[in-house]
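Next comes just one chain, in structure tokens: the form predicted on its own.
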Amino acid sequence: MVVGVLALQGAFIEHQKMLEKLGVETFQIRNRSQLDKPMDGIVLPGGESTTMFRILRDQLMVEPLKKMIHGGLPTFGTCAGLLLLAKQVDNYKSDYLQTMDIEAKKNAYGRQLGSFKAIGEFNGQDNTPFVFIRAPYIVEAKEGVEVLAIVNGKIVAARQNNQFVTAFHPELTDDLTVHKYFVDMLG
């Protein structure tokens, strides 16, 4: 299995390390030609969603990426990646990728000082660590979206067909639960 990791900013190397621990080959995607490499899945990591989208647009990657996602490519978005995939961001007017039927709230827990850690249930598995950094959360998961985790009454992980998102950063822990879930999506 080969997974491309969007490497425009954020914790992309950490995602690569987690996937490689699970025996998955990875490569970084920084431009349009790298997006054309064969892959079984793609990770859209955390970072600053506005900056990431601007780079995607400047590198002419928006439409090809949307086509790949709509074509069924397993896609894992964390934090900013969740925002890029959300059809609606309720406190930010965006024209991001808008491929997943969720409504999200950007910087929902406040600025950097609002960052926190929690332990909770992910997809029925207890004791999963969650790291939230200037995190969004999912305000609403529309029909066809499966909720995978809730923390403090807020939806923080969900899946719709080939798209999987987390508001938290599983790549900043030593726990492989969340990345294993994505690898299982690859078939």
Partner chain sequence: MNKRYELNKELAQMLKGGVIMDVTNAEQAKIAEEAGACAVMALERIPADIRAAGGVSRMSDPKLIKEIQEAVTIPVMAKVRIGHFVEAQILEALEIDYIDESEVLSPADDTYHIDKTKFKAPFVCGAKNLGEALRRIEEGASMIRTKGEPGTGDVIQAVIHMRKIQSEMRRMTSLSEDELYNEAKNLQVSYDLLKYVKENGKLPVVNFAAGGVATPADAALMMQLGAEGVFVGSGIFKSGDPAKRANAIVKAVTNFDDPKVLAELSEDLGEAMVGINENEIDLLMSNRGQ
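Since we're looking at a predicted model, the values are computed, not measured. Positions refer to the first chain, counted from 1.
One more form of this protein, predicted in complex with the partner chain, exists but is not displayed; see below.
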item: Joint contact, Lys67, Asp101 and Lys180 to the partner chain in the model of the complex, by non-hydrogen atom at 4.5 Å; value: no
item: Close approach of Asp58 to the partner chain in the model of the complex, 4.5 Å, heavy atom; value: yes
item: Lys87 within 4.5 Å of the partner chain in the model of the complex, heavy atoms; value: no
item: Contact of Gly46 with the partner chain in the model of the complex (heavy atom, 4.5 Å); value: yes
item: Distance check, Lys106 to the partner chain in the model of the complex, heavy atom within 4.5 Å; value: yes
item: Which of 156 to 164, 36 to 44, 142 to 150, 129 to 137 lines the interface with the partner chain in the model of the complex (heavy atom within 4.5 Å); value: 129 to 137
item: Residues of stretch 157 to 178 in contact with the partner chain in the model of the complex (4.5 Å, non-hydrogen atom); value: His169, Glu171, Leu172
